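In the form predicted alone, a lone chain appears below as structure tokens.
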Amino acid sequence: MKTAFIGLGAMGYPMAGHVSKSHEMIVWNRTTAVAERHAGEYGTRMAADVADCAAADVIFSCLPTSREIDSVVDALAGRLRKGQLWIDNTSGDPESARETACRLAGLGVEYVDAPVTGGTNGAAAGTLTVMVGGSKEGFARALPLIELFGKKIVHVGAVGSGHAIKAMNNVMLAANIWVAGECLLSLKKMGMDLSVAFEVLNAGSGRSFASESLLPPRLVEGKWPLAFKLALLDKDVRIAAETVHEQHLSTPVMNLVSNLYTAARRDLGENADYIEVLKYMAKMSGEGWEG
């Protein structure tokens, strides 16, 4: 089967690699050097232009936001044909997904939104969790391809549902990171060894993915790698807040998390890692994590 993968970021790069082991693939990335490296590593073919990806039977996209998806659809629309399948792994917004699905349906193209979670390690290992929004038929068509990089794959509902649950997942992640940071900063201020604090907390009912996996390397070992941009997590949290606002729900904690992450993004800049929000949080109290 001829496939195309648009967007070779930290997640898309290994995901495309997994698919290319089983199917012929053309790749496109805004930074040409990344596509060249992918072609050299996996034997994929680099597209001269994003519109070249329209020749594929199945098109994957993994881009920063739904705005980029709109631009790519604009570029490919004149070359798309009936019977193609579009699998969108972007963490986008539900309403945009529905609009894109309607637009592509008019061209005879099936669309499913299939955002992922599991981090770059999961992408490299091919063990991502994938939440798929779309018709039953679309899900059935996409499943064998998604299985090439996903371990837990769930059909969560109609188009847009995948984006919706991904946004809510990331709100929960963001809230866990922030409150865990506040608690650990308090314990540090009291003079407690954070390695000891993690040992206890991660054996208790307050443990989370943040406390078990994300925070110990940063707060105990002092390692702050760039794994996922704060700007992208801020975007996902904002999508969730806007979605619940449209439903006229009262979500004060979600709104507070959204405001905090937007403020941290403004303070730390567009290239900050998402766990660096803890540096902003500590700064609010006139504290730091060093020493």
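Each residue number is its position in the shown sequence, starting from 1. Here the structure is a predicted model, which is why all the values come from computation and not from measurement.
A second form of this protein, the form predicted in complex with another copy of the chain, is not displayed here; the remarks below concern that form.
*Asks:* So, M131, R266 and E287: all three within 4.5 Å of another copy of the chain in the predicted bound form by heavy atoms, or not?
*Replies:* Per the other structure, all of M131, R266 and E287 touch another copy of the chain.
*Asks:* So another copy of the chain isn't shown here. In the predicted bound form, which residue out of A227, A55, L256, M46 has a non-hydrogen atom within 4.5 Å of it?
*Replies:* That would be L256.
*Asks:* Using heavy atoms only and a 4.5 Å cut-off, determine which of L145, A124, L85, A175 is in contact with another copy of the chain in the predicted bound form.
*Replies:* Checking each option against another copy of the chain in the predicted bound form, the one that comes within 4.5 Å is A175.
*Asks:* Report yes if any heavy atom of H23 sits within 4.5 Å of a heavy atom of another copy of the chain in the predicted bound form; otherwise report no.
*Replies:* Outside the cut-off, so no.
*Asks:* Is the gap between R218 and another copy of the chain in the predicted bound form 4.5 Å or less for some heavy atom pair?
*Replies:* It does not: once another copy of the chain is placed as it appears in the predicted bound form, R218 has no heavy atom within 4.5 Å of it.
*Asks:* Contact between K189 and another copy of the chain in the predicted bound form at 4.5 Å, heavy atoms?
*Replies:* Residue-level check for K189: yes, a contact with another copy of the chain.
*Asks:* If you check in the predicted bound form, is Y280 within 4.5 Å of another copy of the chain, heavy atoms only?
*Replies:* Yes, Y280 sits close enough to another copy of the chain in the predicted bound form that at least one of its heavy atoms falls within 4.5 Å.
*Asks:* Could you tell me which stretch in 208-216, 136-144, 71-79, 102-110 has residues with non-hydrogen atoms within 4.5 Å of another copy of the chain in the predicted bound form?
*Replies:* Heavy-atom contact with the partner occurs in 208-216.
*Asks:* Of 239-253, which residues get within 4.5 Å of another copy of the chain in the predicted bound form if you count heavy atoms?
*Replies:* Residues within 4.5 Å: A241, E242, T243, V244, H245, Q247, H248, L249, S250, T251, P252, V253.
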